[in-house]
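The chain below stands alone and is given as structure tokens, in the form predicted alone.
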């Protein structure tokens, strides 16, 4: 039986950078996009024979905004994927898209190419919040895109949302989530805003964010108690709407959990293509260059390589696995490392259990609700 493999393909282009975004993305003209696509397809074709012994279970076109590519460009890209790799018959193939960048024709073309999952970056159902974030669309444009996607045959649609925005009240977050849940998408990703260095938001809100994290009052960002209230209400509300809370920030209708992202959390092997893309193969991490000119000239040969140690693998199994609501499976940890989880982590497990942050049954270790609130502290304890 062939080993499973996931593919990540990075499309770094966007109309403009959002105020909170620290991803590797940037505006580019038509010529640069075409040159990048040529380099990307060359990288895929060159690398594919080295994993001929694996079956691809998921493909994820992320960015940036992959939906900015033309129909012809996307077809060239997908043709290279199909020609180079052995895809499982029901492989999950996702494309990220911003509302307003998809037409009815493009959506029908995507479906015809075999893309079967759409991830729409809505972030908020309130236009004033979208303007604050620097998004290029309105809520009404999202609704039009969502309707067109359904008409094109897309049943597996994820909607990305963001809470704890500057000036956002608990009631405003409720409104956004209620509006989106009423559409009944297959999947909802609900993340709290992170103020990242190098973004416009960092310049504006960094000091306020530090105050929030110290538990001090702030007029600009929701305080820590409100942020936790948002998170807990999200969990309760979406469960009532029939969603499974399967990862800290992700909710799905039963059977519609994201195959690709679960692969990251359980450390399934994956190959990344494009600018800055990372791979995990044979317990090595490979990371492509983030230099645009170097990538176009050298492709995959401009990589950084890190051979993971036994400690690295154990740490990743714990702090990635604990993102899953089911937790870290003990049998899987043993199979992947050759040692039971209590051998390297017995003292840490005892400590976190005594603090009410971790719970354990015969098969799994998982964070409690309070453990999720203090997730950064919990994860740090598993660094060897």
Partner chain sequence: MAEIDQSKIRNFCIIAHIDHGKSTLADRIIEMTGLLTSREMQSQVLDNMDLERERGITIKAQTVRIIYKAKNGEEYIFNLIDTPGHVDFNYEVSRSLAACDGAVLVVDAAQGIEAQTLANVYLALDHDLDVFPVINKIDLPSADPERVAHEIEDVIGIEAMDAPRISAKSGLNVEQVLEQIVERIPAPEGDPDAPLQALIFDSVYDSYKGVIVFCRIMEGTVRRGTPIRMMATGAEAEVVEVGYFGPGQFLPCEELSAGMVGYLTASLKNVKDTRVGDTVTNRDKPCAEPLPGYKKVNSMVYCGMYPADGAKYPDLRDALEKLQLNDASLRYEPETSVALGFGFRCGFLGLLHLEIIQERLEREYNLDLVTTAPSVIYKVYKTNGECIELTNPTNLPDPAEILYMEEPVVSAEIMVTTEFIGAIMDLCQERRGNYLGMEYMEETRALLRYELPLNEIIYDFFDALKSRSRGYASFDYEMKGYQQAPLVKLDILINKEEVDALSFIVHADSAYERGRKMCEKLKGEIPRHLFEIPIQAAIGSKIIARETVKAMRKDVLAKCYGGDITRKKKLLEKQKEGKKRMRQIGNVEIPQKAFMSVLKLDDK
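Residue numbers count along the first chain shown, from 1. Quick caveat, the model's predicted, so the values are computed rather than measured.
Keep in mind that the form predicted in complex with the partner chain is not shown, yet the notes after this line are about it.
In summary, the region of this chain contacting the partner chain in the predicted complex, judged by heavy atoms within 4.5 Å and restricted to 354-362, 65-73, 43-51, 327-335, corresponds to 354-362. 225 is the sole member of 90, 291, 225, 155 with a non-hydrogen atom lying within 4.5 angstroms of the partner chain in the predicted complex. For the options 235, 196, 269, 175, the one in contact with the partner chain in the predicted complex, meaning a heavy atom within 4.5 Å, is 196. With a 4.5 Å cutoff on heavy atoms, residue 170 does not count as touching the partner chain in the predicted complex; it lies far away.
Using a 4.5 Å cutoff between non-hydrogen atoms, residue 212 counts as a contact of the partner chain in the predicted complex. The partner chain in the predicted complex comes within 4.5 Å of no heavy atom belonging to residue 257. The partner chain in the predicted complex comes within 4.5 Å of a heavy atom belonging to residue 278. The three residues 19, 138 and 179 each lack any heavy atom within 4.5 Å of the partner chain in the predicted complex. If you take 230-266 and check each residue for a heavy atom within 4.5 Å of the partner chain in the predicted complex, you get 248, 249, 250, 261, 264, 265, in sequence order.
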